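Consider the single chain below, provided in structure tokens and representing the form predicted on its own.
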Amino acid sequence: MEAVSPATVDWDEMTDTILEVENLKTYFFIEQGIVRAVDGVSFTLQAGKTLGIVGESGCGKSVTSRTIMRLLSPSLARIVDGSILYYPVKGEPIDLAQLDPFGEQIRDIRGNEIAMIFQEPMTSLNPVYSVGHQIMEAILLHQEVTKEEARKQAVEMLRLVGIPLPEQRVDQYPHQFSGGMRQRAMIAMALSCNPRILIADEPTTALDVTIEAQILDLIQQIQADSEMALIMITHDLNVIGEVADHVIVMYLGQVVESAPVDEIFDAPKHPYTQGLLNSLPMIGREERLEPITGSVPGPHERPQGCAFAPRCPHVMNRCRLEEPPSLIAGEFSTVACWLYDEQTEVVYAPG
């Protein structure tokens, strides 16, 4: 197979690219050493499409999203390589990686053209301000409206996301909302300025299945109505199967597999992707669940060669010595695994 960067693959010629991440590397510089939290991630995102990012905790999913939003503290985290090209409606592409994280240009984009739903709504919402005040703050920052108009928009956003009695709830505080309502409020805040890209970081974590289904339906409905692009970050492959068009699988800060969602579920190629699917409960499944052995290595325990080699059931000597490149594995898919390299003596057929 030919080595390739996933961002160079034309995933869908019928849609317009709105975001292109190429060889992104975000490292944390701490007393104990350097943590390669994001280590060469590449992907593209098209208007109206959903990109799913999956992987276990500690694989770099959230750091990738916060790097795109430029929300990481420069005193700890630094983009050491790569680009984050955002394509605005008018004008030339903007490399978000080159912007001052505190500058006016990124503030105009963040929360306005690119918005984010955070993983923990209780810690993301300020407890000393009403929910309506916090939604209004985003509207007033990016739109030329009066406070009265901003309040009306905040009420309408709460109504849009299904919060009952929005005229009353707009003046209540986060602790007066249930977990599901707080998550809906976070969605209302993120959507208040009609963003072109929405990043949803584990938006249904700790919610019951009924509320989870309602929130996913809500996001999909808004996306369909507005042609908004969506990046869905989760460890739950059931959610990915429900909403994603294309999926990237991350492990220890790297993309190990990238493919259309149907291909990920029907013909997963990387042993890590297969392990995730084999440990997924499914209706009608007769085989026993097979959890992946071991755990994600700590930030200072990164193995030599392929990062997944210590946990891989198909590991070869080469895997422990050399890090595999991304290889073209199909028309719209890539895989970073020596099992698919032409020089490898062992030919591996998944499934």
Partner chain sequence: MTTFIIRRLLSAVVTFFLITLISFVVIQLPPGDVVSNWVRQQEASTGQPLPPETIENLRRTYGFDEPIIVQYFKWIDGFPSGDFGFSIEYSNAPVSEILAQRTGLTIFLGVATLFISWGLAIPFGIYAATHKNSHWDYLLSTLSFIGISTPNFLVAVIYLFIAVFVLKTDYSGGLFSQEFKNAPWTWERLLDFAKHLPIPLAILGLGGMAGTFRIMRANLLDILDQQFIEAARAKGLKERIVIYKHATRIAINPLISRVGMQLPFLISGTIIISIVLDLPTLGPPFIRALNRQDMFLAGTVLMILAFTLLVGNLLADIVLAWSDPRIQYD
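Positions refer to the first chain, counted from 1. For clarity, every value in this text was computed on a predicted model and none was experimentally measured.
The form predicted together with its partner chain exists for this protein as well; it is not shown, and the discussion that follows is about that form.
For the options H142, H246, R169, R196, the residue carrying a heavy atom within 4.5 angstroms of its partner chain in the model of the complex is H142. In terms of contact with its partner chain in the model of the complex, the residue from D81, D262, E227, E137 that brings a heavy atom within 4.5 Å is E137. Comparing 212-220, 262-270, 159-167, 108-116 against its partner chain in the model of the complex, the single stretch with non-hydrogen atoms within 4.5 angstroms of it is 108-116. With a 4.5 Å cutoff on heavy atoms, T146 does not count as touching its partner chain in the model of the complex; it lies far away. Using a 4.5 angstroms limit between non-hydrogen atoms, H133 touches its partner chain in the model of the complex. Using a 4.5 angstroms limit between non-hydrogen atoms, R66 touches its partner chain in the model of the complex. Contact annotation: N126 falls within 4.5 Å of its partner chain in the model of the complex, judged by heavy atom distances.
No member of the trio V239, F332 and Y340 reaches its partner chain in the model of the complex with any non-hydrogen atom inside 4.5 Å. Residues from 172-187 that approach its partner chain in the model of the complex with a non-hydrogen atom closer than or equal to 4.5 Å are Y173, H175, M186, in the order they occur in the chain.
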